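In the block that follows, a single chain appears as structure tokens, in the form predicted on its own.
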């Protein structure tokens, strides 16, 4: 009985994202057919990319940053907080961390470690502003984090100018922070045969963050209090939880993880923060956290899926299929995953109610037989 129940619980857990993906493929297929393209050709072309070592490396590298961004969002979700400011937090953190790493000379391990600490502190500080505004002035974190994104963009633009934190790259119109010396760089990993491209060395950091997130949320008192406060503030207060303090802690923790989002790219490839540094990763993390339902394992699969869609989209143009089809699929996934989770949730409630009814009926009949 317990084995069947476990299998059913696992099936229900994966049902929602699977339904969302299938529905997204159906909608995308309809759009492709209407626009005169063959959906079969599009999907075959995309899946053929999985066999290319270079694409495999790109998928893992993109998924690494996506995963960190989604975990940062998921920390807020667990507290029923919507941290939309991950995008501004990681960009400001990456720029200041790059400026720090490019101006100091330290032993390799210490250099990398302090750069990561600086990034986490900047991200936590920027997210903490929204937490304090929420607890002291009642300002919604949705509004404050959106505004802080714009402020972060202005701060980065102000500091990223020659004479402040930026230098002009010789032979290029790009400007950026001073290059990070080899002692502050993280070497890549040659784990995909058949290509010279390397996987970000900080993929290990993403794995560690995932394990820490799982342990903190599911195996500690702090995680229990955070989830309890997110589920019901009155009940948490009645249990002795300081909800306001937990809000600030949750935003600080979310911001600290957000500060790590740019580190794999910065320390593993770019070695400087410039105008061409990747943007928009914070908003991608929101979609991936929703798809992975805030679970560390679910987020990992969602990040890999999203990265696969992104990195395979360019191949569609060679077959005459617009790569915007992938954007349509991603958008439909985000819209349908919420509906799919609600459908599965209601179905689970019906199953539980039915099982309880059967057990009560069986217990009543047993008592009648004994009587």
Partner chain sequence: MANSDVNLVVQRGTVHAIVGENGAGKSTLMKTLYGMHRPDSGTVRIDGKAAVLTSPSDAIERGVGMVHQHFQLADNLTVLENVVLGSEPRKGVRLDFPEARRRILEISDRYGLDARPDVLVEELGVGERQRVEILKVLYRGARTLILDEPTAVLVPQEVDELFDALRELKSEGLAIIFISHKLDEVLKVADEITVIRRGSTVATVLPGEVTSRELAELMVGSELPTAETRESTVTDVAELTVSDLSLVDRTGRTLLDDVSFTIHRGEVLGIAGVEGNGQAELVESLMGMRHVSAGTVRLGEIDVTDWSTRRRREGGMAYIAEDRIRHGLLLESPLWENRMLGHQTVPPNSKGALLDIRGAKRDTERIVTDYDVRTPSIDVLASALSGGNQQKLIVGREMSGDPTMLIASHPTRGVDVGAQAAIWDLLRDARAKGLAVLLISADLDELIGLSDSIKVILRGRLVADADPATVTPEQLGSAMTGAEGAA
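A quick note: this is a predicted structure, and the numbers were derived from the prediction, not measured. Residue numbers count along the first chain shown, from 1.
If you look for the form predicted in complex with the partner chain, you will not find it shown, but the lines that follow are about it.
In the model of the complex, residue 164 stays away from the partner chain, with no heavy atom inside 4.5 Å. Mapping the unseen interface onto this chain, residue 193 falls outside it, with no heavy atom inside 4.5 Å of the partner chain in the model of the complex.
Remark: residue 212 does not count among the residues lining the partner chain in the model of the complex, judged by a heavy atom distance of 4.5 Å or less. Among residues of the shown chain, residue 249 is not one whose heavy atoms approach the partner chain to within 4.5 Å in the model of the complex.
In summary, among the residues 228, 132, 104, 175, the only one with a non-hydrogen atom within 4.5 Å of the partner chain in the model of the complex is 228. Checked against the partner chain in the model of the complex, the candidates 204, 109, 238, 151 yield a single residue with a heavy atom inside 4.5 Å, and that residue is 238. Just one listed stretch, out of 216 to 224, 266 to 274, 84 to 92, 156 to 164, contacts the partner chain in the model of the complex at the 4.5 Å heavy atom level, and that stretch is 216 to 224. In the model of the complex, 349, 350, 352, 353, 356, 357, 358, 359, 360, 361 are the residues of 349 to 363 with at least one heavy atom within 4.5 Å of the partner chain, listed from first to last.
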